[in-house]
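First, one chain by itself: the form predicted on its own, in structure tokens.
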């Protein structure tokens, strides 16, 4: 039984990964901002395997909160074998929509805070076969229109993870998971915003994107959860420095 810490795991992709890890008989420590969502998640996960899930609230915008969450997890589980870094994206918009403060906030939220968390976890993983997984986006291969902040900083974190996969080898494996259009609250919010801007319904926008996906549908959290759990677990022991797409084929590039 291994012990995994998962940020942003009360709903969506993070919850899908948490569910798969519990099915694999691992212990997990999860966190998100909303305590009610966390409690609901823990209740559901413990029905799969009792006493396998622990939690603490955390604000991923605030590093002090992240540090408190991490230290609480160590106090509860006494150890860590793997870490999932997962957080929502910055606001949608184009280049001229944002000012310096928007760029600074996105830098701290999407790049600097994960860097600080990686510093925290390194001493616990450096002498064991540990794993780190970060959720990015298919936008790191093909920038998405109207998501300039996400395009820039998710690409930056991808470069960081690739670099650390060499620096921290052979004991620590680091990978990125690139979701396409997975049926989560975040994607529904983006679809709704696009619909409002274009004067269309959310269903029309969804239908438009589904037609761009070779598999003709959005992915589920269960589907991406299985891939995320695989990348965190020892089943992927020869994979590091990789960005794995779960996108239904929407990415056009060869690699």
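Numbering follows the first chain given and starts at 1. Note that the structure is predicted; figures quoted are calculated from it, not measured.
There is another form of this protein, the form predicted together with a small molecule, and it is not shown here; the text below is about that form.
This chain appears without its partner; in the predicted complex, the one residue of 205, 227, 187, 45 with a heavy atom within 4.5 Å of the small molecule is 187. For the options 201, 34, 40, 212, the one in contact with the small molecule in the predicted complex, meaning a heavy atom within 4.5 Å, is 34. Partner contact region in the predicted complex: 80-88, out of 80-88, 160-168, 124-132, 93-101, criterion any non-hydrogen atom within 4.5 Å of the small molecule.
Contact check for residue 154: a non-hydrogen atom falls within 4.5 Å of the small molecule in the predicted complex. Among residues of the shown chain, residue 19 is not one whose heavy atoms approach the small molecule to within 4.5 Å in the predicted complex.
The small molecule is not shown here, but in the predicted complex it comes within 4.5 Å of a heavy atom of residue 8.
Using a 4.5 angstroms limit between non-hydrogen atoms, residue 179 touches the small molecule in the predicted complex.
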